[in-house]
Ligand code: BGC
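One chain comes next, on its own, written out as structure tokens in the form predicted alone.
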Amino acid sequence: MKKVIAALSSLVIGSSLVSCGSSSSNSESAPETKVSNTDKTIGIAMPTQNLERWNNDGEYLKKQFEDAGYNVILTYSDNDATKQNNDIVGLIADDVDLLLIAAVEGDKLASTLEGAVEKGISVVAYDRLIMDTDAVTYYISFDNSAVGKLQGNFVRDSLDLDNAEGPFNIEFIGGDDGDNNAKYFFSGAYDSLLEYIESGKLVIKSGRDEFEKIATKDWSSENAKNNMEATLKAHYSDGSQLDVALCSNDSTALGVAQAIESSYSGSNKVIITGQDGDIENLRNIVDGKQSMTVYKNVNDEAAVAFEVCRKLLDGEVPAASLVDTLPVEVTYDTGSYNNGKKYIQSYLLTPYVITKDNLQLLVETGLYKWDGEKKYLEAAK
């Protein structure tokens, strides 16, 4: 069963993110968590503090649960799958009542989560699907295929592919191959442009037309920069024009923009896509170095995760009926996300496109504000 409700903008949940500290595995001088009114503890496992997105998610979630009276143990795993497994083993040993996990690598947790099953600890996958395990009860994320489709449609419209003769040259830049979402981002974008690729109107000069060929380790800007520099040298140093660099997210787009600025010999403006709304990328959009980003209001995602987890902690079953009570609009989906063991009940939020012309939408979320000159956006903290 699916209940689909489309949303073009997101409702702000709560106030701006607050730096609350954490009882994380690498947090310095973390304050003690509040004593829970319910005597229930949630273990939150985030991938890393080194990316703006995950640091914000972790602290926001921690605050929401603590404000509601739950104990919270928050870990960050330095983008290291082995470390995250060890962190989760520790959370299970601490007898948490529920695990909320944003996986470093979704296919590396199955054995570890057997311990959660044995103790009857519920597991909720946050943003990234956890693979090959029966332990996962619910999955909360954005419609990841829609992210790629929005990027592909932006390229289609920007190049007027339905009318222009072409051909145009395009290169795809993917995310980390351990992140299951990265495959959805790529397939959403690639499939939306497939008819133009098959007709020859879009040409991939590098021949990298499969996810495994365009993955970027750790979503690293530096790795994306190095990969793009190698692509430009191998395929575009003969005067060929690169028209599109379709990047799955903002950290890879940042590296690609740097490579194009330093190593591309063409004179045209390359269309560069992104995702996340990172501050430096939003500056690049204003400056014309990046064309768009797909924005996902992570506070909305965290708000849905909070409601799902609170139901589970209170001994209730969220299921489809929760949709009508959520503070944001979502899709409840039971037939799209199979983790290799079963289809996972999923709550999917809708992302939307941000360009230079509609940056005010981000201000309206309450998570961004204009700088003094009202030219660039900065975090509203």
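These numbers come from a predicted model, not from an experiment. Residue indices: 1-based, along the sequence shown.
Beyond the structure shown, there is the form predicted together with beta-D-glucopyranose, which is absent from this document and is the topic of what follows.
- Heavy atoms within 4.5 Å of beta-D-glucopyranose in the model of the complex are found in exactly one of 186 to 194, 126 to 134, 105 to 113, 279 to 287, that being 126 to 134.
- beta-D-glucopyranose in the model of the complex is not approached by Thr293, whose heavy atoms all lie more than 4.5 angstroms from it.
- Interface membership of Asp179, defined by any non-hydrogen atom within 4.5 Å of beta-D-glucopyranose in the model of the complex, is confirmed.
- Contact annotation: Trp219 falls within 4.5 Å of beta-D-glucopyranose in the model of the complex, judged by heavy atom distances.
- The closest non-hydrogen atom of Tyr352 lies beyond 4.5 Å of beta-D-glucopyranose in the model of the complex.
- Residue in contact with beta-D-glucopyranose in the model of the complex (any heavy atom within 4.5 Å), chosen from Ala68, Leu51, Val323, Leu313: Leu51.
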